[in-house]
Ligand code: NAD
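So this first bit is one chain, no partners, the form predicted alone, shown in structure tokens.
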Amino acid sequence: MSGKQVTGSSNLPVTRVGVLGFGGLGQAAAKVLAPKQEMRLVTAADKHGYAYCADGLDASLCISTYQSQGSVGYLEPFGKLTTESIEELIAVSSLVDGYFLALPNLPNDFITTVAKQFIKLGWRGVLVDAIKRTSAVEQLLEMHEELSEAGITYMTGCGATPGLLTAAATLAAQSYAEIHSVEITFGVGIANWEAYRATIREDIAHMPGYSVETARLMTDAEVEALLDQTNGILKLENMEHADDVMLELAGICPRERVTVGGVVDTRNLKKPLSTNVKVTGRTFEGKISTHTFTLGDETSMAANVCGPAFGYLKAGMQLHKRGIHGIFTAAEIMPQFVR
């Protein structure tokens, strides 16, 4: 952590933020950070290199460099090309307060491996992820003591789902004495699947007949062939989504009562259906009712993932400053709006 408090033009304390992973989600994260006063992008990394500037990076330059040359490592004079971008970046960027892990969780223990790198290198600060799978989050939850002893505050499952919709379900549950079901349905529209290669592969891994490993090993041509067969539509049902374990840990309901599914259109920006969460339960008067929270169709997947992620990073910073370390989920902590 930095010993010196950075302030912006409005005298708000500024958190130095890094983004690990610079595909579609990482680039969107950089755009989200650009106008913020309380957070500043100081580093970004991809599998071929990284860029680091303690005074802040220009998001548009990072994105244009990545899109034209394939890595932020080409960004002059702040970039470096390396095959060990994450480990090298952690080692040199001691002034980074928090990282958003916008990384593909393929294989299923990849994020856990990255968290262990932070611990090994003695870094202290806040980490936030937007990973999906129950089994992946469970692996991280087992690291609570390890993360706590390392002085790391880790916020997991803090994207859209799990994340924003899990938190909404947690709030909606307060009206009831017993929760009968939590049903999360999402619609995602993207103009070109190649902008979100890793995300689409993770979605394919949830389809019948596919696994994390088979999806990870698919070539781009094989992904395109699959999308041609489905006219660009991925229909996902009864997904292994960490909303279930997060709501169970929060005491809302058993994980068996949580279902997640949705439709991804990889050829159109317009959402194929509205994203929503429905919480059905019994009130103390014995009435059965359903709360529904629906996201605006105009909000993109990136907006609904990156916004909450940084909101949870801010909340994690507040915990970290109070000496509270370990791992927390989106159902336990209220995100804080980043100005």
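Note that residue numbering follows the sequence shown and begins at 1. None of the values given here were measured: they were computed from a predicted structure.
The following text describes the form predicted together with ligand NAD, which does not appear among the structures shown.
Of these, 309-317, 284-292, 43-51, 29-37, which stretch puts a heavy atom within 4.5 angstroms of ligand NAD in the predicted complex? Among the listed stretches, the partner-contacting one is 43-51.
Please tell me which of F78, F118, Y176, Y196 lies within 4.5 Å of ligand NAD in the predicted complex, judged by heavy atoms. Looking at F78, F118, Y176, Y196 one by one, just Y196 meets the 4.5 Å heavy-atom criterion.
Could you check which residue among E248, E183, E202, E224 gets a heavy atom within 4.5 Å of ligand NAD in the predicted complex? Exactly one residue meets the criterion: E202.
May I ask you to state whether P104 is within 4.5 Å of ligand NAD in the predicted complex, using heavy atom distances? P104 belongs to the contact set for ligand NAD.
In the predicted complex, is there a heavy atom of ligand NAD that lies within 4.5 Å of any heavy atom of G326, even though the partner is absent here? G326: no contact with ligand NAD in the predicted complex.
Any non-hydrogen atom of I131 within 4.5 angstroms of ligand NAD in the predicted complex: Contact with ligand NAD, yes.
With a 4.5 Å heavy atom cut-off, would you call A169 a contact of ligand NAD in the predicted complex? It does not: once ligand NAD is placed as it appears in the predicted complex, A169 has no heavy atom within 4.5 Å of it.
What residues in 149-165 sit within 4.5 Å of ligand NAD in the predicted complex, counting heavy atoms only? Those in contact are G159, A160, T161, P162.
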